[in-house]
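This document starts with one chain, in the form predicted on its own, laid out as structure tokens.
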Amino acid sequence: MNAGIAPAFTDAIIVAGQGQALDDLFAVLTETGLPTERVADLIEAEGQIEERGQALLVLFAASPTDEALRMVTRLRKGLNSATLPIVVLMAKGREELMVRALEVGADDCLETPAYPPLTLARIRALMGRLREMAEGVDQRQRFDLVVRGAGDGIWDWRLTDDSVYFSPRWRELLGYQPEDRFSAMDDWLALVHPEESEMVKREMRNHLEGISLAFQVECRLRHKSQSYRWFLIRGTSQRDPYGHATRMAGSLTDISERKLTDPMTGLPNRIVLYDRINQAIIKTRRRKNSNYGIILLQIDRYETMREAYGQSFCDNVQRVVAQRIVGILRMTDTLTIMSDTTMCILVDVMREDTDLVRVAQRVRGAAEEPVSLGEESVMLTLSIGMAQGSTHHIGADELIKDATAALNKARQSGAGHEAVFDPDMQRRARDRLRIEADLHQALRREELRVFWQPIVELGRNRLAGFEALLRWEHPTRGLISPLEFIPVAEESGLIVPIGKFVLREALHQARAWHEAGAPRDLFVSVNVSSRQLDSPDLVEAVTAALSDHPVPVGCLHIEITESAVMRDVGRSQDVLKQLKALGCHMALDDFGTGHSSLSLLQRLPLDYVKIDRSFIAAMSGEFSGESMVGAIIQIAKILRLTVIAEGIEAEADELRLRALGCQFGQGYRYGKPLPAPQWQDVLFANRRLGVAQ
């Protein structure tokens, strides 16, 4: 028989030896239909048992030195003897022989001549008990095999005396030997990482109190090497009739590889990154000449790529980029995955302060090559933020925070840029967050104001309309420049509700002016940002505002920038057509600074183009500046678009623009942005606008 495996118990009965008593018993057993075999030789009986694996053995003993008892002794010393049932027959009145038989290992003794019903009952009872024992052993062995195959450690906690059993595999997973003392639950809980200790105790308490049906947590446990590894701990409890937990048992599974590895790329994840940065910080404190730093990498236009090709394609792109980067890194550098768009390189050995930039340039050279997957090919760029470790960094969070500030600075500069952290980035980041928080309050507290700047018809020097410009009157900081808060509103998405506010204020003021007697063709111009243009409810918001504040058709001009349109030309075209159908006039702002083509201008339902102020300022310099403005005006006329020139400050600019055929102008020459009441005289006294107000 194989060592360590208990055979299943069978119903076979072997009657072994010679003599009338055994013959009589064999006859009785056979008549009852029990599967019984008769062998005359004890050696043959041992062979039968060895071959079968298990059976019930019946022997006859005449004295304490009988060969039958010596056979029992041999069998009990052999393999799997615990589940081998043995019955010894003997003559009546031989109590000392019965004692001896039981001492050497017999399970029961029968006297002869026997009473057949009693004999059968005792044999059947013995076979039943031993069958249950065999099944129990089989179940335990099956459980042990499953546990060993799964690689889990087993624990069993008896709450009545706070004793805990830890399997050999449990100790092996944590690096402990059998002699290492672990006998109470507190011994185990002391190994839990401090950051997860309270969570583990809370979840265990919830299960013991019946709040949760099972106990399951993921946490770090301290290995004997003093390092921490991730484990999944599961368990369930046994309860008394009153519902009180009396016992709790479960398993321990090492999940460090899953917890520390990005499943898509197989690279280390942020947990590994934090650990290695903290190790670098400790190393730097010990060795003053040790330098290190990190490089954050982010794939530009990731969301656009995901919308176009799907998440699976993006995952494959990141896998390709990661493989390329790994191929050019030094052995001392570590690439980790922080998210589906962001990776981080720990440069653990820096000989010079410029090493971060050098590594970043090598990474850019490797990563920014075309990626071809199937029939699709994409050209990638990376935004890169770098931060060097210093003595003021006391944890990984601080260094990553610095690198994130640099990454944000790079992204603000556009795709494909990089930046190295400097302390001012932290201040600017805090300022932006403060502005964003205050902006949320500004809408509720009605701190936002709409100022108005006139737009003049140059040919007749006549007020034609106003552009609505947002201002913020902060309760403690006073009037805040739009250059300071508009970018924050754009980035945070607050520009959408703010834009609705400006739109409604503009239409409300336009209606008030018209009702007070302003010319019917007086228009108001409102800017719509890229975020608003992307918003699905822009047309609905304009429709509702026009319904609440009716104005003449064409009174509302909506200004959009080239960059906003170019984000999604097809969608922009559809939205502008819907706004045009509502009676709005459309203007392309900052014309000449973007990348729009003549074919695009023809496709869009535009009425106006606004020449950017940078072109107007250039007219006073070289002749090419004036020529450029003239060319823009001629292109607009060919496309039957009206031209508005921004940034007019001097009379000379106005005269040049008139000569070039520009129809409308706007700028400080005609007035700075002011609250609506300050334009009353201009509107209703028919004053001409030829000088700054």
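Everything numeric here is computed off the predicted structure, so don't read it as measured data. When you see a residue number, it is the position in the sequence shown, counting from 1.
Although it is not shown, the form predicted in complex with a small molecule is what the next lines describe.
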Specify the contacting stretch among 262 to 270, 583 to 591, 180 to 188, 335 to 343, defined as having any heavy atom within 4.5 Å of the small molecule in the predicted bound form.
-> 583 to 591
Go through L297, V528, V88, A387 and name the one with a heavy atom inside 4.5 Å of the small molecule in the predicted bound form.
-> V528
Contact assignment for the small molecule in the predicted bound form, among V609, V524, I455, I495, heavy atom within 4.5 Å | I495
Wondering, does R247 line up within 4.5 Å of the small molecule in the predicted bound form on heavy atoms?
-> no
Using heavy atoms and a 4.5 Å limit, would one call L483 a contact residue for the small molecule in the predicted bound form?
-> yes
The small molecule contact in the predicted bound form: Q532, any heavy atom under 4.5 Å = yes
Does A468 reach the small molecule in the predicted bound form if we count a contact as any heavy atom within 4.5 Å?
-> yes
Verify the flagged residues E559, E646 and Y668 against the small molecule in the predicted bound form: is each one within 4.5 Å by a non-hydrogen atom?
-> yes
